[in-house]
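Below are two forms of the same protein chain, given as structure tokens: structure 1, then structure 2.
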Structure 1
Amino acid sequence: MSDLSNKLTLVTGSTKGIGKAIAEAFIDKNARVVIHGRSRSELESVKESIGAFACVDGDLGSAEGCDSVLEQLAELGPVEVLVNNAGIFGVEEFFNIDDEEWLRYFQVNVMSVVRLCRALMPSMQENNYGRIINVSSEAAIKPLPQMVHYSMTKTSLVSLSRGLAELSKGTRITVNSVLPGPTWTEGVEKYFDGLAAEEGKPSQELIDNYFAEHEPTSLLQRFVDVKEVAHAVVFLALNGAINGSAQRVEGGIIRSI
């Protein structure tokens, strides 16, 4: 098992939700954690509250935004652990999604990972050490009809992760993906509040019935906690023998061996 002490660790999309929990989990392992977001004021507040090493801001949905983040990182030193967590999601009818929206999802959820890995993996190769963990979703294996565009991007991340792992052959670099199931975050809570207003039902009623109605194959029959996802990410960063894997943290929703 590797020691994460003082490892410069970038966690993208880490001002709230899963990303923030991942950042806190690495801080607990004494890593030098760099958090990322788009709002500098929010970043500074979160950095102070969780004790992060540094913060970088930029919109990873564009090449220019990625370049800005990379310029800020260059002042901190080579990144040793990269957790690509930043992403967007939303429920949309497939037939109503235009080309622009498809491309927006691909830019944010996939190309941000491509660009950061392309820029940061070479220094890992030079130093013969690195950990890359890409946060995908159970939707990568079980595409959701109400989120086809999102599901496609998460499948792409699993493929990308395995392909990059092949490039790490014979080194002390590992590249893995993590597939969380439905996880309780601020964004999910907001979604249920909107759905409750739309359907004229109490949000708690919708939450209580969600798994029975929409995820009957879930063995947990509850939402995953952000800390449970964070622990899986840290585990992959610690274990140098796991490479090219897609680690499920979805409570058994995917019915396969």
Structure 2
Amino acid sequence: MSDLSNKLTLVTGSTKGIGKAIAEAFIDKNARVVIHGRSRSELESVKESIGAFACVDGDLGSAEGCDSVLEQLAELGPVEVLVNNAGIFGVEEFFNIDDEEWLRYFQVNVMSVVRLCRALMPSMQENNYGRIINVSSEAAIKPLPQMVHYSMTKTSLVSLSRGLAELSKGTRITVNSVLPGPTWTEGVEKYFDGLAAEEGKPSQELIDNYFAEHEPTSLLQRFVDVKEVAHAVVFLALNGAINGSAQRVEGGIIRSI
């Protein structure tokens, strides 16, 4: 098992939701955690409240934003653990999604991960140690009709993770993806507001009936807790023998073995 003490760990999109829980879980393992988001004031307050090592800001939806994040990271030293968690999701009718929106999803959810891995993996290779964990989704292997664009980006992440794992052959670097199922976060609260508008029903009614109506195969029949996703990410970071895998944390929604 690998010791995470002192490891410089970047968690993208860690001002709230799953990312914040992941950051806290790594802090519990005494890692030096760098949190990330777009608002400097929000970052400073989260850094203070969870005891993070540092914070970096930037919009990961553009090459310039990724470069700015990388420049800030360069001041802190080589990143040893990279958790690509930042991502966007929302309900949109396929026939109404224009090219610009498709590309926005691809930029934030996929290209940010490509850009950060391309820049940060070489120092992991030089130091012969690294962990990369990409937060994908259950939607990667069960594309959602109300979020076709989002699902496609999450499938891309599973492929990207496996491809990068191939590049780690014979080293002490691992690259894995994590596939959470529906997890209760601020982002999901907004998702339900979108679904409510689309279906013309009150948001609370949709939440109460969500698993029966939308996720009948869920064995959990409740939302995953952010801490449950965070524990899976830390588990992958601790274990040097798991590489190139797609770890589900989806409460058994996917009916395959």
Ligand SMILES: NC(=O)c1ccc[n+]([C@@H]2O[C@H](COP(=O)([O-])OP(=O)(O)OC[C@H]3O[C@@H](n4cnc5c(N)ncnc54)[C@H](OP(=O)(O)O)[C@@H]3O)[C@@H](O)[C@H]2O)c1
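Whichever C-alpha set is largest while still superposing within 1.5 Å between the two forms counts as the rigid core. Here, residue number means position along structure 1's sequence, counting from 1. The shown structure was predicted, so the numbers you read here are calculated from the model rather than taken from an experiment.
As for origin, structure 1 is the form predicted on its own and structure 2 is not.
With the core held fixed, Ile27 shows a CA shift below 2 Å between structure 1 and structure 2. After superposition on the rigid core, the Cα atom of Leu206 is displaced by 2 Å or more between structure 1 and structure 2.
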